[in-house]
Structure formats: C-alpha cells, structure tokens
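We begin with a single chain expressed as structure tokens, specifically the form predicted on its own.
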Amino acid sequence: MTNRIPLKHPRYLSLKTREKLVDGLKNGLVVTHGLIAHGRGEAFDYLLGEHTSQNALCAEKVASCLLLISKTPVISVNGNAAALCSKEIVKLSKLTNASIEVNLFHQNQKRSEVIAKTLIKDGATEVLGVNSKSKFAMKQISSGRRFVDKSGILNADTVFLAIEDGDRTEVLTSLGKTVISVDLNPLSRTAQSSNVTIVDNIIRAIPNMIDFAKKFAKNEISELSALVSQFDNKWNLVQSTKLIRHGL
C-alpha cells in the first residue's frame, strides 16, 4: 500500500507509518485499540512540528546512556512498537545489551508469539515474555501488563517502555526501577511518572538512541553516569509542554 503514496505527498511519512500499523493489524501484531492510540499520539506530533526537539534529543541521549550503564536493562515491546520499528528495537538492544520482552495491555498468547517471531526475524536472539512458565503476575497492576517475565522486567534495573502505559510506569518506579518512556503527550501519567520521558515519535526516537548508543558505547561508566545525573525530567516536560503551546 505504501508504494501508492506519492513520495512528494506532504504527509508521506505519516501515511507510511499508518500503513505499517494497518499491516501490523492484518498480520496479528496490532489490535484496533493500538490504531486509536497512534492517532492520539499523532495529534501531539502535529503540534510538535513532527520533528525531534532539542530537549527530546537530550532525553534520547540520556536514555541511551542509562541503558548502557544499567546491569539488567529491558526493552518492553508491544504490538505498535513491533509493527513500526522491530529492526531498530533489535539493533538498540544489541548495542546496549538489553533484553527484549513482549508485554501487552490486551494480553493474548498468539499475538505475543507473532510479535516475538517478528523480532526474531529481525535479528533478536531471544525474546522474553512469551513463555507462560516464566511469567510472574504483579499484583499492583490490574491489566494484562501485570504478567512480566521473571528474567526480564521483574529482574530489570532499567525498563525502556517503547510505548506509554501509565499504570505500569507508576508501579515500576515505585518498585525502584528506572523507567524510560516514549510518550508524545508530556502531560500523561506515563510522562509524569517516568525517570526519563522522551517526548518524540518512536520512529524518530529509537534511531536517535541507536546513534547515541554507538557514540557512547566506549565511554567510561563514570562519564555516562555524569550525563544521566545532570538530566532533569521535570524541566524536560515543561519545555515539551511549551513547545506544544507554541504549536497551538
């Protein structure tokens, strides 16, 4: 379908992204609720000018450093994330030595397996969150996201939520885990509860993080820790909100 979208169309990238999600729906990765969630995020992206702001770029740099210095980092993936940037997620996981875990709001074993197969096809050597025997139910979460892998999110010191989720973010941070999130709405519970909030479109955020991971891969842990400690997420969210107000 994407080859029928004129390259010179002013909404080419946006339309191409939508088609990826529609394909993901047809192939069993995405649920209809995910299409609604994407549309909501796209509305904020309009107001942000559909480009990565300087403060988002800073958050992406800090997030990459966090993954690099973490002992047990995990990238949490849902259907939308897999449909939009499976290859990039795998690449980032390898650069930062982070595990990948499928975690779904609308829990479905078959869809979990489809997502895992997509990630493996794109280069992942292991995908957690699929084997029911390794799952643990977090009683603090009422949705399907309560089922986490014992070797993944449950054991993680840093969790990168490739797509927002407020309930889970609040619980994970309350358990002492460092949470990185991608959320185009700086006013959401996810954004407000995360340690590092990337107010950017995931299709831009993860490629940027890959670049930073490559750049800082050989730096000393002390240098990366210094960069992380200087980051102020509250300031980051305020600046992001100002950008949206300016867009209005």
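Fair warning: this is a prediction, and the values are worked out from it, not measured in the lab. Heads up: residue numbers just count along the shown sequence, starting at 1.
The form predicted in complex with a small molecule exists for this protein as well; it is not shown, and the discussion that follows is about that form.
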TODO: Give a yes or no on whether every one of L84, F105 and D165 sits within 4.5 angstroms of the small molecule in the predicted complex by heavy atom.
DONE: yes
- [ ] Could you check which residue among N208, N55, N195, N185 gets a heavy atom within 4.5 Å of the small molecule in the predicted complex?
- [x] N185
Task: Which of 47 to 55, 63 to 71, 216 to 224, 26 to 34 sits within 4.5 Å of the small molecule in the predicted complex, heavy atom basis - done: 26 to 34
Task: Partner proximity in the predicted complex: K177 to the small molecule, non-hydrogen atom cutoff 4.5 Å - done: no
Open item on the list: Given that the small molecule is not shown alongside this chain, does S93 nevertheless sit within 4.5 Å of it in the predicted complex, heavy atom to heavy atom?
Closed with: no
Open item on the list: So, G79 and the small molecule: in the predicted complex, are they within 4.5 Å at any heavy atom pair?
Closed with: yes
